[in-house]
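Below you'll find only one chain, the form predicted on its own, shown as structure tokens.
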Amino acid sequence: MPRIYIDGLPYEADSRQTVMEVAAANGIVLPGFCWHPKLSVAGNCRLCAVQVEGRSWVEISCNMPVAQDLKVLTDSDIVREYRKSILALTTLNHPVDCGICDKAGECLLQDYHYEHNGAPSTSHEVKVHATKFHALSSRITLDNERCVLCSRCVRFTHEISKTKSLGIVQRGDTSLVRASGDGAFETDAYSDNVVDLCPVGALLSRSFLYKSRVWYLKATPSVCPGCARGCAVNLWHRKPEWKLQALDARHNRAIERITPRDNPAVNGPWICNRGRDLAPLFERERATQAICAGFSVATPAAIEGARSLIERARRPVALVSSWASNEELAAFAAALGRHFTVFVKRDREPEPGEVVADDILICADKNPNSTGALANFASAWGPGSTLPEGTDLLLVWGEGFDLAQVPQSLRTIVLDAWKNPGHARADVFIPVSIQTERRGTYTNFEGTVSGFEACFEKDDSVAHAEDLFAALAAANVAAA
């Protein structure tokens, strides 16, 4: 294991590492547009240059293999001057339109220019203009004037999503990133990762374009419920201190964008496009009105009605949600598990046009916690399943089951978060909270447990399922 020296300090290294990798592993930040730990080395931005002690020139650290007793300097006079010149070249034709750029606040070019250059351009020549708002796909637009040609996006489609759907055409100061002509970028299920990868504001998400400045937003750690992979994500929403007072108040409870949260055990730094489109799923019209015997009632009255039905039932059956958290499932098992015959149902099945499964991240099971649910209740409810003979009460928790499948004479309790005309058919309906209103954990299909946090407060008329089951527990005790 070779030992190298960075700015005079010794570091142990793997013989397969580069100087850039050793620096990153030890918390030393070397600037760079093109280097990314999950992509091949391109070495084209030249910004990560370091000086080997005893030499009078600089070399790029991202492509410099380690060697025993290699000694590099990251902040020598020659390195600082070189970086300054590289940044002057990078911004030569850049529009410097940070005031209207979605990347402002997250832009590496902004950060590096401030840290390593900071001087106005010395050029008085007219900038070379390039295409603006070039549609790479229906999801992503490209501002070529901001592009620094780092090629991260191109390498992503070649090495990670493997669609080979982006490339660089022409040469010199007329070089442009362009999508392949076969439409592969449009159908690339992971294409939006290039927006995160772009170190500047060249690649822009159309769904987030000019929607909000990032410094008004807060990232809440969460888990994508779109499939059994359970990718770690950040849900971005308005900071309370920047609450809108005059405009549409719905923006204060809106998910403005969803980005991956690096989790090597689950998804690495990527998520699929479907995971970024969860906001409309969460923001469907909510159910906030409890119903009992066809009439709107206060939630406590509906809970009392449900308790009465459970108390009287002798052969009750529950279909529990595979979108429920481990904590909610444990609460159900503790409070009502012994009283009910329990089956785990799938709340969601693949929709038309949705990628069902692949060998990157997407799983065929479109529910985040089937594994956690089946760990609590071993029986799965699937196509062709029927209720046990003599069932006199059915409790349905979550989506994915149509009450029209059971006789009208069967007593039913439904717990759901979103509006559905079928709820009126239930003897008791109680609205419950959703993932963005509570904290909890899911267990993915590989057994990895990941946690999520609440983004927003729930409505007073909506119950947390975990609390609800405790409130219904008295019926279980009475029946026992």
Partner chain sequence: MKPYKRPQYWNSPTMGWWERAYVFEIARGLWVTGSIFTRNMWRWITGRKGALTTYYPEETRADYAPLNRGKHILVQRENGKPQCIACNLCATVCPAKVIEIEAAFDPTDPLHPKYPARFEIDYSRCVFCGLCVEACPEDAIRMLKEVPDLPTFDRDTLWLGKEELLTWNPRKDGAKR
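Numbering follows the first chain given and starts at 1. Model, not experiment: these values are computed from the prediction.
Another form, the form predicted in complex with the partner chain, is not on view; read the next lines as being about it.
Q: Counting only heavy atoms and a 4.5 Å cutoff, which of 385-393, 366-374, 345-353, 99-107 contacts the partner chain in the predicted bound form?
A: Correct option: 99-107.
Q: With the partner chain left out of view, which of A378, L209, A119, A404 would have a heavy atom within 4.5 Å of it in the predicted bound form?
A: Partner contact (heavy atom, 4.5 Å) among the options: L209.
Q: Though the partner chain is not shown, can you say which of K243, R314, R171, R250 has a heavy atom within 4.5 Å of it in the predicted bound form?
A: Residue within 4.5 Å of the partner: K243.
Q: Although the partner isn't part of this model, could you tell me whether R213 comes within 4.5 Å of the partner chain in the predicted bound form, counting any heavy atom of the residue?
A: It does: once the partner chain is placed as it appears in the predicted bound form, R213 has a heavy atom within 4.5 Å of it.
Q: Quick one: is Y114 in contact with the partner chain in the predicted bound form, heavy atoms, 4.5 Å cut-off?
A: Close contact is absent here: in the predicted bound form, Y114 is far from the partner chain, nothing within 4.5 Å, heavy atoms only.
Q: Taking 4.5 angstroms as the cut-off for heavy atoms, does F295 touch the partner chain in the predicted bound form?
A: No, F295 stays farther than 4.5 Å from the partner chain in the predicted bound form.
Q: Judged by heavy atom distances of 4.5 Å or less, which residues of 117-136 approach the partner chain in the predicted bound form?
A: Read in sequence order, the lone residue that approaches the partner chain (within 4.5 Å, in the predicted bound form) is F133.
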